[in-house]
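Quick heads-up: it's one chain on its own, the form predicted on its own, in structure tokens.
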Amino acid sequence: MSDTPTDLPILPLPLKTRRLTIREYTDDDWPAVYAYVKDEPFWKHQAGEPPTEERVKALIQWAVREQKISPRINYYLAVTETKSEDIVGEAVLKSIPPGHGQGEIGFGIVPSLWRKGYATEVSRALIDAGFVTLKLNRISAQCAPENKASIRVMQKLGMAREGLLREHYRAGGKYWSSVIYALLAREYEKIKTNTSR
């Protein structure tokens, strides 16, 4: 018998931001994803080896299967430029553990489009969806301590550094550490109140 609640809110997709659309993946999206994830700047701060075509295909197939699971706790989504409809990155929103008001976000943007504010735009949309629609109490994010750009994004969102998990994950023949940031619902409300004045 599963401990997962059956009445979890559903995220209405796609999500729209000023410049971007965050939508479900389709099976045909894998070549566009592989085109950017194979670039060394994209994966150098992520645990594991450079992604292969087979791994990317399997990941997108898994994301498509997750769309049919109810209640849904994993949202692995494509980020597209609204005007061109080109895939420019990925967005992740998870309820973990489900039913306890805890969530986690993740994001990645095509390296050629870094420093345009896309990562902040995506992650802010995920934060809004997590607190407003999914009614989460805490949303966290983590990255390698060397990933200064992701850390800046989390700080821009008002997330607080909670700690460092030292060498907690082994991949690609080495141990990886993660720095963790998080935001609580009451902190989110305070930020929203202050920015709307």
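As the structure is a computational prediction, the values presented were derived from the model and not from experiment. So that there is no doubt, residue numbering starts at 1 and follows the sequence shown.
Beyond the structure shown, there is the form predicted together with a small molecule, which is absent from this document and is the topic of what follows.
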property: Contact at L136, R138 and A182 by the small molecule in the model of the complex, all three, heavy atom at most 4.5 Å; result: no
property: Candidate from A129, M159, V56, V153 lying within 4.5 Å of the small molecule in the model of the complex - any heavy atom; result: V153
property: In the model of the complex, the one of R170, R166, K148, R65 near the small molecule [non-hydrogen atom within 4.5 angstroms]; result: K148
property: Contact flag, I60 vs the small molecule in the model of the complex, heavy atom cut 4.5 Å; result: no
property: Contact test in the model of the complex: Y75 vs the small molecule, heavy atoms, 4.5 Å; result: no
property: Partner contact for W30 in the model of the complex: the small molecule, 4.5 angstroms, heavy atom; result: no
property: Residue contact check: I109 to the small molecule in the model of the complex, 4.5 Å heavy atom; result: yes
